[in-house]
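Presented below, as structure tokens, is a lone chain in the form predicted on its own.
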Amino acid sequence: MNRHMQYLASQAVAGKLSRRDFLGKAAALGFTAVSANLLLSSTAKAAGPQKGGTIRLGLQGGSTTDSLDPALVTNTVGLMVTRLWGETLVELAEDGGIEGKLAESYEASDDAKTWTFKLRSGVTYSNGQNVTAEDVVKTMERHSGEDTKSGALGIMRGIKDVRADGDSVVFELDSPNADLPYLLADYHLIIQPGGGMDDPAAAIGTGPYIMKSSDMGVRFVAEKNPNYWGDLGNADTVEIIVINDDTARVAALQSGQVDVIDRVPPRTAKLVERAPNITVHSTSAAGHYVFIMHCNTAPFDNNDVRLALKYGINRQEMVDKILNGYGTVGNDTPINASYPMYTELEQRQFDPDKAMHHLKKSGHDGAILLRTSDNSFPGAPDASALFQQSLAGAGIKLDVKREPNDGYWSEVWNAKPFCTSYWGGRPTQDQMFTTAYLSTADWNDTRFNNEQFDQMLVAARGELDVAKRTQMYADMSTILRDEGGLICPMFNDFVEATTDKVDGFVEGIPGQVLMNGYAASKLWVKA
């Protein structure tokens, strides 16, 4: 019987038998859906990637104000598009380590203050130019300049000097940092010819695809780069369609308009999975849905107001009703158990009496305005309504303003003092804190300026004793939980879906959504 099942699975992988028919025959032979799907998946992987065809992705998050400049990428669409045409020096590996991209190797000095990255030879950009060490230096300079708006600015703050040395690039740091390779894997730091100084949005890079058309907030088309040096890129063409509406995105998948979608609404995920030609993938990671307050803007510049809001949110209700169980309760810090040096802190509980106490202590007695949109995270308006109801029980009036999806990331997030948002997380505590909570970080979206926190962050980078470093990160999380502008009620699983037209999806890859942003390059179209 097993041999017959193997035969059926091979027929399904070859496209000679539909997934629906395969599952039906497997059920008739006494196999559960789980075991049949596992067999199908292992057979597909054993057959190896297939080349050719077109993969179409329907993604949430894009808007007409987006840019192809990697420094300005703020959402999933930007991440996925950038991964098509560009590459960083190094990248997060599927096992959570670091692997080379444009750098074939790297090494640190004994004090971890000097890092040398040796470039891979023979790599060219899509315009035919060779990649040089000078390009890397210029790229880093562009992301660290005085006027830069780069999301990697916080990362660049700790780098004192970058210089070319033949086919290598040398980074001199202000202080030791054992995590520098993780920081340089940040998706903003795409290496561009001349650093992208002349035309940062030209989309000239070393990635597996070449951009053929770009209509911001609407549609992107990329074709295989014939001179790509690596083994990414199985489909001939990748098409990314921006579909911000949750219902429309799921309908596009079900109708076959697209082959892959992100952000399957948790409330309908189990229903979507019932379709015989669709597989829902769920990955627990560091992603979190949040409410962010500017700590330097009234009334949020009063920590008692911040604490009142933190005690006034019912976290378990958020996980149950917004995530439908696809996630875990948060604790007002961006760090959860997915991080390597994690320490569990005392869990903050929903406590209307404490919320009322802190609001009264603050002296604030007016309503508080929260801005939201579906573009910030799936179910954000519903989550805001739940927040409004739970705060009402503590005598706190919350006004909720629903903003347009288009332009949310440029007009509201990191601009208005209180709004809904999301973070995909980062592979290490240092990178997460450095990107969003260091006082000087451009993406410090809570305007958190804490000298003690900054000093501890720098000190932790140079601490080689793991136990001491772990305690330092726990102390930083405690500061954020008790004094920060982040309300983190829940860590969301990445819930995504594919049709049986494509294969190769791997769940559990660390980093960002959709296989750390590489789904378009690693999936393949079944024959």
Partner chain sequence: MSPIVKLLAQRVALSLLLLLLISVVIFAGTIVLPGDVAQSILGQSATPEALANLREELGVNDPPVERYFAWLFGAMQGDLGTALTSGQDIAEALSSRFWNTLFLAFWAAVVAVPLAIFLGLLAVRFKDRWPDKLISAVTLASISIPEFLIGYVLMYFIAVQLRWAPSVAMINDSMNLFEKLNAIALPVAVLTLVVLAHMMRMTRAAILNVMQSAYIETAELKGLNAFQVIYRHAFPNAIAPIVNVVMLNLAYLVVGVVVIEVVFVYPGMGQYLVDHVSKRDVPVVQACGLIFAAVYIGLNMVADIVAILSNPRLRHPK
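Computed from a predicted structure; not experimentally measured. Numbering follows the first chain given and starts at 1.
Beyond what is shown, the protein has a form predicted together with the partner chain; the following relates to that form.
In the model of the complex, at least one heavy atom of residue 256 sits within 4.5 Å of a heavy atom of the partner chain. Taking the partner from the other structure, the partner chain in the model of the complex has no heavy atom within 4.5 Å of any heavy atom of residue 237. Remark: residue 63 counts among the residues lining the partner chain in the model of the complex, judged by a heavy atom distance of 4.5 Å or less. Taking the partner from elsewhere, residue 164 is found to have every heavy atom lying beyond 4.5 Å of the partner chain in the model of the complex. Among the residues 170, 271, 345, 251, the one placing a heavy atom within 4.5 Å of the partner chain in the model of the complex is 251.
Residue in contact with the partner chain in the model of the complex (any heavy atom within 4.5 Å), chosen from 439, 410, 130, 296: 410. Partner proximity in the model of the complex, defined as non-hydrogen atoms within 4.5 angstroms of the partner chain, places exactly one of 211-219, 156-164, 445-453, 363-371 at the interface: 211-219.
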